[in-house]
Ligand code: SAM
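Taking the form predicted on its own, here's one chain by itself in structure tokens.
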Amino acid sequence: MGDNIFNLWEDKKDLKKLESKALKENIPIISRETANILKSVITVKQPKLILEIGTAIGFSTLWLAQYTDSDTEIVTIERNQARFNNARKNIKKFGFNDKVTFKFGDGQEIVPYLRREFNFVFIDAAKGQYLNLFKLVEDKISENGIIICDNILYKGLVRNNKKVDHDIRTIVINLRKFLIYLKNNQKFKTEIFDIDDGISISTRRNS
């Protein structure tokens, strides 16, 4: 933290270069709209322990690292070996190595073995697995902790009745089930925003 209004971190050439490279190579990264939501939430909440499921090449991880305190730890999970390796290089290049703990593998296999209580979780992984992932993390969230999920409306298909192509039908159906689960969840209060491809922000209710 500490960049002033005349020298914004998000305007750094290296960050823009990383963003452009990802878009050119069709590597899924968060949009600037989503990045600004993350920035806003974590700047206010200042979580000390963050879990990210879906590192990709570390673009979202960089935002989480930049706008949290120096003693914040980010545990990030990625199952694609090439992206995992690139993420490690990128985090090191930007100087956040001390804040980030990398875990390689499938989030559904790793999360059950995480024993700590997280203040903030960001899910941006396989869309068809959001319901399973949310269920796995919801009991690992501190009081007033937050879970943000990206791309929950999946190209606008989740909330409409248009015919869905066979190859993505399962993803859309699973995301619809996920939204129903969020709506009926008594442990979390969820708001859904039609920003970019849809974002959910779930805040744990006080017990």
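Counting begins at 1, following the sequence as shown. Worth saying up front: this structure is predicted, and the values here are computed from it rather than measured.
The same protein also exists as the form predicted together with the ligand; that form is not shown, yet it is the one meant from here on.
Shown alone, this chain has one stretch from 40-48, 139-147, 26-34, 66-74 that lies within 4.5 Å of the ligand in the model of the complex by heavy atoms: 26-34.
Checked against the ligand in the model of the complex, the candidates A87, V100, V121, A125 yield a single residue with a heavy atom inside 4.5 Å, and that residue is A125. Within this chain, E117 is remote from the site of the ligand in the model of the complex, having no heavy atom within 4.5 Å.
Using a 4.5 angstroms threshold between heavy atoms, V172 stays clear of the ligand in the model of the complex. The closest heavy atom approach of A56 to the ligand in the model of the complex falls within 4.5 Å.
Interface residues of 68-84, taken as those with a heavy atom within 4.5 Å of the ligand in the model of the complex (partner not displayed): I77, E78, R79, N80, R83, in sequence order.
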